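First, one chain by itself: the form predicted on its own, in structure tokens.
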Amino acid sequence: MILEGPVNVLKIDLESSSWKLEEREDLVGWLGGVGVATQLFMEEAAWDKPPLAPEQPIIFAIGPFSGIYPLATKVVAVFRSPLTEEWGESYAGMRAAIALRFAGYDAVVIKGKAPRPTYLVIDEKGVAFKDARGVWGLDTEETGRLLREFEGGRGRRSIWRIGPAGENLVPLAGVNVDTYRHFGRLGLGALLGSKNLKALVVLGNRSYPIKNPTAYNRVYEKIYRAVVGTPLLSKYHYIGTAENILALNAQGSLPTLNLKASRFEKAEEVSGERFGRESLFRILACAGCPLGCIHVGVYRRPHPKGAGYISTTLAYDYEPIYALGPMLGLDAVDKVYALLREVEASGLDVISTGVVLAWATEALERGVVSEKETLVPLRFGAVESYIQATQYLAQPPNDFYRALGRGLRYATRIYGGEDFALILGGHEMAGYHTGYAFLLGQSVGARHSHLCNAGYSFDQTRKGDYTPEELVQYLLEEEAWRNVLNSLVICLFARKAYTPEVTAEALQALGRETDPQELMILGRKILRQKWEAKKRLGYTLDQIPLPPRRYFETPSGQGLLDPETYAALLKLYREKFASFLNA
């Protein structure tokens, strides 16, 4: 679908190894991406079943801009999260979107459980169900290497796979996409594991003529120039998001040592600039992106038998460095790489892994747990213990790691230590102790991600100069608009290029008459549907607790935060929420 004709939905039943294609005219109004995926989830979810029940769907979707306009490079996944047990939503790039576009599908719904380990090959002819017993048990790197040998389509295919963490149904597990990107957060990897689904190989060779090339070229050029010809996105290319390490450290907003501090004295040693100088190997771009922001470094380590070195390439961004560096006190590029390599191979979400290990370290320091539980002497800065603990997270040897792998909300119910557990909305915190907008934004966002509404950006831009009403209105409007961008499934780095006016013009060039106001209404409509789904999964805004005490003990970028001020902001958000969605 490029705004004409139906939405092509590929439905796959793993139980019976069957598939069918549905052409859905009724979904066109939801634009694509998360709009379409939300509607499909409303139709397909098993509301009374746990997240890992075979009946639960996994839904992938692309949008009308995928493969058409610059930076429309993402695929959205929607599912019931095994981590929070409610709304799950995650995004990944590389070749994922363009491969699905050329295979001919706007959305894919996967249900059931395969009778044996399986991987899927999805192309324009349909779906092939293949025996994955030969790669079951392998890490993400080896699985990717073998599937590249087994399957054709080099240069056009996209390979999505899980590691041991997903196979072992660890709710912190993600899905590796083409080695350097991920469906990271909220436990999608465990869902694949629960379905005996090791991997998907997606490829295709279809083409899509543009009916009005003059209008299309004009808009394409405008977006392209905004992306590559202005300073809007240049930082993502040169140093990448890892540039944020020094910037957030200078602001006093860099969570450090389980947020005992908001500045890391060794920040320079793990800065984006240091990673670049010591390890940068190449800069990659997702298919359809003229920018290139994926910084790939080389990690060299001595061969265990003393014969030279082993080299591994790893992508570094702000979030992995934050979660495995300052959060755990790792103060050198090679130390971060050593742990990142283990996280990648295991198929774990890097942010949650760093945050749960930081909590476990402080819990051990305080005597909340003992080495009888942790099995290794966790200590801030001690990388070898963290590598071993990461392996235990992926393949739990005892009840402690089984609990920790279910996230901090679950683990602290058993072991205590809630006051210093860095969770918001049941989800481990992203790397921004910037102020109230981040704290509230991750708590109330539909998927409890800093990317729902970019509260961290508001904190950094306004620097405390705002009224409570302005903060709440920003979070509401930003999340609604991001639902439009996520229905087009563009990379959010390009959000300043895709203004409402430009987005409407781009849609018009493809044949859809619309305007910015209509798009904003659609964004609210999608947000309303998400919250309807969350409500049916048993979640409401009234359930949001006061964040753990640690957030109010350590100064943020706005200084010490006051729990009473946070509570007042949350109350105001609840009051404004319903009227905003129904406006």
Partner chain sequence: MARAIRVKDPDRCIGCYSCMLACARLVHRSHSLTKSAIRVQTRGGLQSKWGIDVCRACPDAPCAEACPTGALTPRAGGGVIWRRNKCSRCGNCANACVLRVIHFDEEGYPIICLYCGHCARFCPQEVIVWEEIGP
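Numbering follows the first chain given and starts at 1. Everything numeric here is computed off the predicted structure, so don't read it as measured data.
Same protein, other form: the form predicted together with its partner chain, not shown, and the subject of what follows.
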Practice problem: Answer yes if any heavy atom of T313 is within 4.5 Å of a heavy atom of its partner chain in the model of the complex; otherwise answer no. | Solution: yes
Practice problem: Look up in the model of the complex whether A494 has a non-hydrogen atom within 4.5 angstroms of its partner chain, and give yes or no. | Solution: no
Quiz item: in the model of the complex, does E221 have a heavy atom within 4.5 Å of its partner chain?
Solution: yes
Exercise. Decide whether R282 counts as a contact residue for its partner chain in the model of the complex under a heavy atom distance cut-off of 4.5 Å.
Key: yes
Quiz item: Tell me which of 87-95, 257-265, 108-116, 385-393 has residues with heavy atoms within 4.5 angstroms of its partner chain in the model of the complex?
Solution: 87-95
Quiz item: Tell me, which of A287, L146, L138, L375 has a heavy atom within 4.5 angstroms of its partner chain in the model of the complex?
Solution: A287
Practice problem: Go through I68, L527, L519, I59 and name the one with a heavy atom inside 4.5 Å of its partner chain in the model of the complex. | Solution: I68
Quiz item: Looking at its partner chain in the model of the complex, which residues in 175-197 have at least one heavy atom within 4.5 Å of it?
Solution: D178, T179, Y180
